[in-house]
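Before any questions on how it binds or moves, here is one chain, the form predicted alone, in structure tokens.
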């Protein structure tokens, strides 16, 4: 009888709900679960659409961001074309050189306006985060790890290095002799 009493106690723990009331509660909870599942599926679809739309917008932004730069560079292109044509039709080399220098300055100005900066490093201490050592040159006049020649200039775009400067770095011969 103890087992039967235990079962009756379990039934009474249903807080006095009748079987019909329990069935009603189960149906309400099932409906709530179905509603939550539907909401979840809708949110997933919305998020997937958002992700696709964002990707497309980013691609369009990249394409049109380059467009403004291209429009500015077209002027440089046109001026180079005129300079070449002028070089073929004139004997005055100095005027051609001046024209090409003007176009070059225009080109540099556009690049600087876009945030491009040349890394000035000759005479500076070698920094592997900004420079790439192409060679070490024994040199008594410069301290160790001093950049004595720039083989290929480096550039930063805003604050990011997009090409390290390729440099020749001094190796002081006098300090080697003093150590020995």
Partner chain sequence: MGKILGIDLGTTNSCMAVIEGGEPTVLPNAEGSRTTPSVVGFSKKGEKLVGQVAKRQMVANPDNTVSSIKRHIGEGDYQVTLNGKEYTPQEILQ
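Residue numbers count along the first chain shown, from 1. This is a predicted model, so every value here is computed, not measured.
From this point on, the text means the form predicted in complex with its partner chain, which you will not see here.
Every residue of 82, 95 and 100 near its partner chain in the predicted bound form, heavy atom within 4.5 Å: No.
Of these, 43, 152, 55, 113, which has a heavy atom no more than 4.5 Å from its partner chain in the predicted bound form? Exactly one listed residue reaches within 4.5 Å, namely 55.
In the predicted bound form, the residue from 129, 68, 27, 35 that sits within 4.5 Å of its partner chain by heavy atoms: Only one option qualifies, and that one is 129.
Whether residue 118 contacts its partner chain in the predicted bound form should be assessed with a 4.5 Å heavy atom distance threshold; does it? The answer is no: residue 118 has no heavy atom within 4.5 Å of its partner chain.
Tell me, yes or no, whether residue 50 is in contact with its partner chain in the predicted bound form, where a contact means a heavy atom of each within 4.5 Å. Close contact is absent here: in the predicted bound form, residue 50 is far from its partner chain, nothing within 4.5 Å, heavy atoms only.
Is it the case that residue 136, even though its partner is missing from this view, gets within 4.5 Å of its partner chain in the predicted bound form, heavy atoms only? Although its partner chain is absent here, residue 136 would touch it in the predicted bound form, with heavy atoms inside 4.5 Å.
Just to confirm, residue 124 within 4.5 Å of its partner chain in the predicted bound form by heavy atoms? Looking in the predicted bound form, residue contacts with its partner chain do not include residue 124, since no heavy atom lies within 4.5 Å.
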